[in-house]
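The form predicted on its own is given below as one chain in structure tokens.
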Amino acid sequence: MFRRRSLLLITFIAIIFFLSGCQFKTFQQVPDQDSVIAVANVRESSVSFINIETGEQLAKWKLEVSFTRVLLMPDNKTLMIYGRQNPDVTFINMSTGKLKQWKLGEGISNAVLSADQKMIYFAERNMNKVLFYDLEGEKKGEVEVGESPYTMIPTPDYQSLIVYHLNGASLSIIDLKTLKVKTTLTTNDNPMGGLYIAQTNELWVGGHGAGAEPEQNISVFSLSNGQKKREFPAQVMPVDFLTMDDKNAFVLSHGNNTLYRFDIPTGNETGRLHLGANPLGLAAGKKMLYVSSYDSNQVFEVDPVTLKVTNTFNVGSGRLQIVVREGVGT
């Protein structure tokens, strides 16, 4: 009898272990002191971690599920990994290699942190909603918006969230106090990527364009009255934008493999760099820019002042996004 009970207990523990699956899986650790670029290799479902100083690959996480994007959490240690076809949002701690998951359901196409880094905003394309969660995983609300929400830009005054409708020609502005859409604006077709310019209350909008007509320009809208003020060329398909200061904006146009630099007050082009093959990811560290090339399996380090490539890192297959994690004490 005792032997039978022991066998049953062992079998039960084995079943629990099997059903728990990934809860017991850990990933290779990334040292806290190292400044790294984390590169989402979506074609092979992996994340590469490259030491910025040495170019050494410190770790490579191979995931068993497909994903499309990553987000660095406010603790500077945890990477959130997610994709539209994956019902789980996965958090992996770089210091420990341990993971946890939230079950949000399929349809999550993009995620950004709030301006105060206390909330996560999720674009949910299956139901055309934006979901609001705190950092503990508690849902705080949801707002229905236009078709295929994707690009999201929180304003730095904590008042509004700008949401582009990727499969349309419009955007919604959500009031973050009431969690209601307060304004809808008409934009260029298939808007994607952009910048909110606080000094002038303007929005720069990029995009793919529609059908056989790829987007050739950046459109500038006044958020005071919703009117389009001007546009300036950034051929072809300007889809990723960032700033490192109040004067310079960097725009990645993947249709012609070009990184542009613009003067923010005037919109004048101040430099350009042709690089990579189908570049899609753009990120900034303390001193350098990083651009991922989807078709050449590389990440380029670029000096933002000279607009010259200073280093090239070989990574996995199908890079779509990069995040920069500065090391502790750097």
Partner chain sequence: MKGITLNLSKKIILLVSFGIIFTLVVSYALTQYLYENFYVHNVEESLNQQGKNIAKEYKGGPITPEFINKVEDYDRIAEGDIFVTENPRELGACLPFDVDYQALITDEERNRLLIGESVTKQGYEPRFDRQVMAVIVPLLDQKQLNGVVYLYLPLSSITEAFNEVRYILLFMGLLFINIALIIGKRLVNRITGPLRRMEHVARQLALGNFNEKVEVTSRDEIGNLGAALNHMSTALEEVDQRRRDFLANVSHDLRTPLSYIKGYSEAMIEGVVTEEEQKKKYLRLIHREAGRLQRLVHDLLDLAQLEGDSYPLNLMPLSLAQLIEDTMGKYEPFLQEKKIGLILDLDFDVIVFADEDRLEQVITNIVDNAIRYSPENGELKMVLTQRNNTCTLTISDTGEGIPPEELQRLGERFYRVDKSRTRKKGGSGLGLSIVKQIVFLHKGTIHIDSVLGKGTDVSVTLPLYDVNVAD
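None of these values were measured; they are calculated from a predicted model. Numbering follows the first chain given and starts at 1.
This next part talks about the form predicted together with the partner chain, which is not shown.
J.: Within 4.5 Å of the partner chain in the predicted complex, heavy atoms considered, which of Ala284, Leu58, Ala277, Val65?
T.: That would be Ala277.
J.: Taking the partner chain in the predicted complex as the reference, which of Trp102, Tyr260, Tyr150, Phe132 has a non-hydrogen atom within 4.5 Å?
T.: Spelling it out, the residue with a heavy atom inside the cut-off is Tyr150.
J.: Determine which one of 73 to 81, 219 to 227, 142 to 150, 175 to 183 lies within 4.5 Å of the partner chain in the predicted complex, judging by heavy atom distances; exactly one does.
T.: Going by heavy atoms within 4.5 Å, the stretch is 142 to 150.
J.: Would you please decide whether Ser296 lies within 4.5 angstroms of the partner chain in the predicted complex, comparing each non-hydrogen atom pair?
T.: Although the partner chain is absent here, Ser296 would touch it in the predicted complex, with heavy atoms inside 4.5 Å.
J.: Mark Leu242 yes when one of its heavy atoms lies within 4.5 Å of a heavy atom of the partner chain in the predicted complex, and no otherwise.
T.: No, Leu242 is distant from the partner.
J.: Wondering, does Pro154 line up within 4.5 Å of the partner chain in the predicted complex on heavy atoms?
T.: Flag for Pro154 set to no.
J.: Contact between Met237 and the partner chain in the predicted complex at 4.5 Å, heavy atoms?
T.: Yes, Met237 lies within 4.5 Å of the partner chain in the predicted complex.
J.: Using a 4.5 Å heavy atom cut-off, are Arg125, Leu166 and Gly209 all in contact with the partner chain in the predicted complex?
T.: Yes: each residue has a heavy atom within 4.5 Å of the partner.
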